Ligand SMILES: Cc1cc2nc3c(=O)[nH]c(=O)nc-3n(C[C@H](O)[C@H](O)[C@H](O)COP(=O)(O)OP(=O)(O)OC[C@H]3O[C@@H](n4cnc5c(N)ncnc54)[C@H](O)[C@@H]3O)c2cc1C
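This document opens with one chain alone, in structure tokens, the form predicted on its own.
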């Protein structure tokens, strides 16, 4: 459920308000959401300093989408194909073709996903043998991949909870997104350092693994590091 407001009670605990009206009180808060979602949340004055909040909201995200196409028989040639805004590559082990959309082509919806798929078909049919007969792609839901038996795709820029794919360092953000600080034997990006020992930031955008930004590895690193930080904080109480 989308978070809409973060405030504090008289006892100093965080009060979280969600879109459906649910309210939850918590002593420790971990924000593991994309920076693109912060603009939709009302943070009470003093929760996050204005300058820090403004910098977080300026973190940029990629505009990417995917359509996965299962093959009954793997093609003999599996070389990746690159177009202006469409890239495709084949997973030999799973016999799955990934059609990767960037830029404006990534902005498809459940209603327009078939149009985007058709846009890539001529290139893919030339490059891959045994290309499956056309089956309209399905826009993915929150279900396991095995529940789909045909092409399935998703646009993360059109996801209201993500509003993009992976974070990246945009022009002018080189310093703010690479500066680090050490607290209690843990290293944090300065922008995402803990606040008051009870507000923490997690997610690939907060990771200190600068060689693999925007990855699942970066997200896991951030989660493990924040867990250690919280445990250290609890030991100090």
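Positions refer to the first chain, counted from 1. None of the values given here were measured: they were computed from a predicted structure.
Another form, the form predicted in complex with the ligand, is not on view; read the next lines as being about it.
Screening 208, 32, 195, 181 for any heavy atom within 4.5 Å of the ligand in the model of the complex leaves a single hit, 32.
This chain lacks the partner; the member of 128, 139, 156, 71 within 4.5 angstroms of the ligand in the model of the complex by a non-hydrogen atom is 156. You can rule out all but one of 117 to 125, 88 to 96, 104 to 112, 157 to 165: in the model of the complex, only 157 to 165 has residues with a heavy atom within 4.5 Å of the ligand. For residue 231, no non-hydrogen atom is located within 4.5 Å of the ligand in the model of the complex, even though that partner is not displayed. With a 4.5 Å cutoff on heavy atoms, residue 6 does not count as touching the ligand in the model of the complex; it lies far away. With a 4.5 Å cutoff on heavy atoms, residue 25 does not count as touching the ligand in the model of the complex; it lies far away. Put simply, residue 217 is close to the ligand in the model of the complex: some heavy atom of it is within 4.5 Å.
Looking at 1 to 23, the residues that come within 4.5 Å of the ligand in the model of the complex, counting any heavy atom, are 1, 2, 3.
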